[in-house]
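What follows is a single chain, given as structure tokens, in the form predicted on its own.
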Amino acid sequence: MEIWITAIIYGLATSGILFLVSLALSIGYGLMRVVNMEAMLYYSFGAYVTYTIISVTGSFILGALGGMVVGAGLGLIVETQLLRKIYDRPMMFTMVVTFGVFMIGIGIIQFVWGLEPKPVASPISAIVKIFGGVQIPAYRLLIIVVAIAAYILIQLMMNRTIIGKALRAGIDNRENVEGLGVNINKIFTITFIVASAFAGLGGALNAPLVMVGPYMGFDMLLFAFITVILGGLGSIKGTMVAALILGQVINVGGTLWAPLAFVGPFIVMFFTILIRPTGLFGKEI
């Protein structure tokens, strides 16, 4: 029983990372109909900036904040200087262009930080006992709390603020919103920056759990795509639900049979698409 409870809690932590990292992909497609494959750069740079700041200051909090700021800054540059110019281009074109940006970013990482993976120590070494003495690292629980807070914040932003309401209206009918004097491009940019900051935070939080390396974005890109496809492209709620499902598939499935940790997400996505081609919460476009 302890093994299964531990696997479930670890799965929730994995879900938290998947959700944070997948937000940029989900919002990028939901807002601009652009498959922004460069989103994993925000994740990778967030992890590397966290490693660098911790090496200099010893503060994980400053490192995570730095990762968020760098993720947001990269999102601002990419959205204003690149994505706005390719919104109307075919999807395959945008995928190739943004993948090219992703590759350039990996080259920059290799030039600045080198090829060797970098270890990042966990900021919290405490162990928490739950459910009859099951021991869980407190850091895993922290990731779960941060992911829940991020989901609440992004939902409040989308549903309770003027920016969110204008954003949702602009997705449905951009011309009418602009006719009311709303700068929809500015609203798109703000939302994309927020999503990019969360991706940077995802990299910062995942840094102590994995070795920070130049190709860590490739490892996460596959699972992020599965997350947004399973949940429904452009659906934040779907992204969260899909992340919850995949986190359990990876950890609980991997406990049952190790190869399921990698193969399981593909199996779940395959059968979901057979039943519901748009994903769990996706809509026909």
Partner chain sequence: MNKRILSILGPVIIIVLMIIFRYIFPNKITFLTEVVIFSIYVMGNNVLMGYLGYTSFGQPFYLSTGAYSAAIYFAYFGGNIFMAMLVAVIVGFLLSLVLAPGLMRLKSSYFTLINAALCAIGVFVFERLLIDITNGNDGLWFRGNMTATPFLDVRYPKNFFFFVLLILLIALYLYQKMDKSALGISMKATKANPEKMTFIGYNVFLIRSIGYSISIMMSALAGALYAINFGFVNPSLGENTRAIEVLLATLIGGVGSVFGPFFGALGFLGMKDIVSSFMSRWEFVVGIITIVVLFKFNRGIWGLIQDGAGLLQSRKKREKTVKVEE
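Residue numbers count along the first chain shown, from 1. In this text, all values refer to a predicted model and were calculated from it rather than measured experimentally.
Note that the form predicted together with its partner chain isn't included here; everything after this is about it.
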**Message:** Does its partner chain, in the model of the complex, lie within 4.5 angstroms of each residue among 35, 103 and 110, using heavy atoms as the measure?
**Reply:** yes
**Proximity to its partner chain in the model of the complex, single hit among 130, 127, 115, 77 (heavy atom within 4.5 Å)** = 115
**Prompt:** Of 211, 156, 145, 95, which one comes within 4.5 Å of its partner chain in the model of the complex, counting heavy atoms only?
**Reply:** 95
**Asked** Would residue 87 sit within 4.5 Å of its partner chain in the model of the complex, counting heavy atoms only?
**Response** no
**Non-hydrogen atom contact residue 6 with its partner chain in the model of the complex at 4.5 angstroms** = no
**Asked** Is residue 259 one of the residues lying within 4.5 Å of its partner chain in the model of the complex, judged by heavy atom distances?
**Response** yes
**4.5 Å heavy atom contact, residue 56 and its partner chain in the model of the complex** = no
**Complete:** Within 4.5 Å of its partner chain in the model of the complex by heavy atoms, the stretch out of 66-74, 221-229, 40-48, 241-249 is 221-229
**Request:** Taking its partner chain as it sits in the model of the complex, which residues of 126-153 have a non-hydrogen atom within 4.5 Å of it? Please list them.
**Result:** none
